[in-house]
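Before any questions on binding or motion, here is one chain by itself as structure tokens, the form predicted on its own.
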């Protein structure tokens, strides 16, 4: 059984009975305390029976309560302290603030650990060698494309973000070998994005995809960078997905900057100096 108990809970949550979900919710919110509990204590705290706790453990694939507690203790010990929480309409501002921050940090750590180092290196290399970068995305991914355009434009590259399917299609057919497309999707299944990605590939461009694994977009892209969060796409997950995508773009931009070397660093300093006139001076105390 994996030590990532959070993932086990998320994968199995919808299959649990209503009473078993009460145990799951309690465990996800008070993991450290559960490590010290007896089965009778957990049953009382979750307001269920002891047999329900046993069924809950076995539904997750554990032999019993002690086996479940051992994995939980290992999970806590490895400092996987930032986890996804389910928002509740009864939550106070303080409670949902904690949940959103904790789940976002947890998702960032998870994606950081799961990113394929070889694919990341390949993506940085092709970006460092290209002169044209097109960024494709729809909906919540569109602002991430704009952010990517800004990052790569600063590196003296021709970078453009497209969130309109017609413009994407026209842009894709004008691509050439050596050009790069960054396709961004929270689902990896958007039909228009799959269509323009196929056109980009036919034109000879290299496609980097920021998307979940085992999706049509991941299978199309030559260089997939997987962002695997929760499959149920709750509000907290959608927010985390957007932030995680932006961090991956930052990693790519920094990697390209380092590849391009001193000349690009000097160019960035020139840009920074040019922007000073747009800011009001600091007031000294």
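Numbering follows the first chain given and starts at 1. All values derive from a computational prediction rather than experimental measurement.
A second form of this protein, the form predicted in complex with the DNA, is not displayed here; the remarks below concern that form.
Out of the listed residues 48, 223, 229, 249, 48 is the one that sits within 4.5 Å of the DNA in the predicted complex by at least one heavy atom. Only one of 44, 70, 54, 254 lies close to the DNA in the predicted complex, with a heavy atom inside 4.5 Å, and it is 54. Although the partner is absent here, residue 26 is not a contact residue: none of its heavy atoms lies within 4.5 angstroms of the DNA in the predicted complex. For the chain shown alone, residue 18 is a contact residue for the DNA in the predicted complex, at least one non-hydrogen atom being within 4.5 angstroms. Although the partner is absent from this view, residue 243 stays clear of the DNA in the predicted complex, with no non-hydrogen atom inside 4.5 angstroms. Taking the partner from elsewhere, residue 39 is found to have a heavy atom lying within 4.5 Å of the DNA in the predicted complex. Counting a residue when any of its non-hydrogen atoms is within 4.5 Å of the DNA in the predicted complex, there are no hits in 105 to 135.
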